[in-house]
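Below sits a lone chain in structure tokens, taken as the form predicted on its own.
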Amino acid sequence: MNLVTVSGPPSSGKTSVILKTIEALQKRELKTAVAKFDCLYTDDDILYEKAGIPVKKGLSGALCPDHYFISNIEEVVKWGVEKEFDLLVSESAGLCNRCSPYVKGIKAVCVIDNLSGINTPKKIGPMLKSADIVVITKGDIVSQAEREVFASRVNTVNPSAVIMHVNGLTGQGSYELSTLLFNEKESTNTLVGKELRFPMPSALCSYCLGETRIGDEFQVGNVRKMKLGE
């Protein structure tokens, strides 16, 4: 089984891109499934089910979605192996733009849209900087010049990635993306012992543990202060 991790900012078009790409993979008679990770709510699993795609959904709730993802991904891989899928797509929303859900040796895709702002690539951390493939969406809404400038900004942040334009509505570019996601020579049966490409966001301060009061006397653990003095 091949495993692919897809992440990106909220509403960047991840689900639409995955749906169109799986359509192309199904034409090659490849059995594909999706594991959808999110925080509080998602109905994307309904879209996958309507398309006849096996799907599992996980909501992190009060937990960091990155920590929730890495705590559950091995069980998801076992599910995929048991069902004998050819390709399992893990979809995770990078809600803080600091997320780092990529695993060494596992293909990583970051989806980002042209409407997010020309400086957005600089604001996204490992989720964009360590991706193998960067998919840019909503290119039909902006001018050709804007598309090229945005792609150039992405290339500056991650010069080693393959940068592609995919239209989540029409599916333009999804076939080309599908050819990069599945490789018969690659196989993933377990993630035990593998490592993340980048450490996850630091946590474990008093607020992580349920503290709600404000003030220095209530702040313990991993705390960082702004420099406000001259």
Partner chain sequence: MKIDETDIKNRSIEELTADYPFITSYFSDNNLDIEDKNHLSLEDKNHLSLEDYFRTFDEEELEDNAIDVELHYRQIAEFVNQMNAFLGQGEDKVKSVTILPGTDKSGTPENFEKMEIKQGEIICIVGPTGSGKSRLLGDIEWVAQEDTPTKRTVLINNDVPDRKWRFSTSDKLVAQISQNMNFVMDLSVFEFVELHAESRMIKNREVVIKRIIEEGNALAGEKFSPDTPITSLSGGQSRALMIADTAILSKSPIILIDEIENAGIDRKQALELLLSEDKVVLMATHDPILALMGDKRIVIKNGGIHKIIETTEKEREILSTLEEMDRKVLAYRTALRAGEVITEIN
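Numbering follows the first chain given and starts at 1. Please read all numbers here as calculations on a predicted model, not as lab measurements.
Omitted here: the form predicted in complex with the partner chain. The next part is about that form.
Shown alone here, residue 182 lies farther than 4.5 Å from the partner chain in the predicted complex, counting heavy atoms only. Using a 4.5 Å cutoff between non-hydrogen atoms, residue 159 counts as a contact of the partner chain in the predicted complex. Contact annotation: residue 107 falls outside 4.5 Å of the partner chain in the predicted complex, judged by heavy atom distances. At a distance threshold of 4.5 angstroms between non-hydrogen atoms, residue 74 is out of contact with the partner chain in the predicted complex. If you check the partner chain in the predicted complex, you find a heavy atom from every one of 141, 146 and 155 within 4.5 Å.
With the partner omitted from this view, the residue of 55, 59, 205, 163 that lies near the partner chain in the predicted complex is 163 [heavy atom within 4.5 Å]. Looking at 195-203, 39-47, 65-73, 182-190, the stretch with residues near the partner chain in the predicted complex, meaning non-hydrogen atoms within 4.5 angstroms, turns out to be 195-203. Of the residues in 75-107, only 98 comes within 4.5 Å of the partner chain in the predicted complex through at least one heavy atom.
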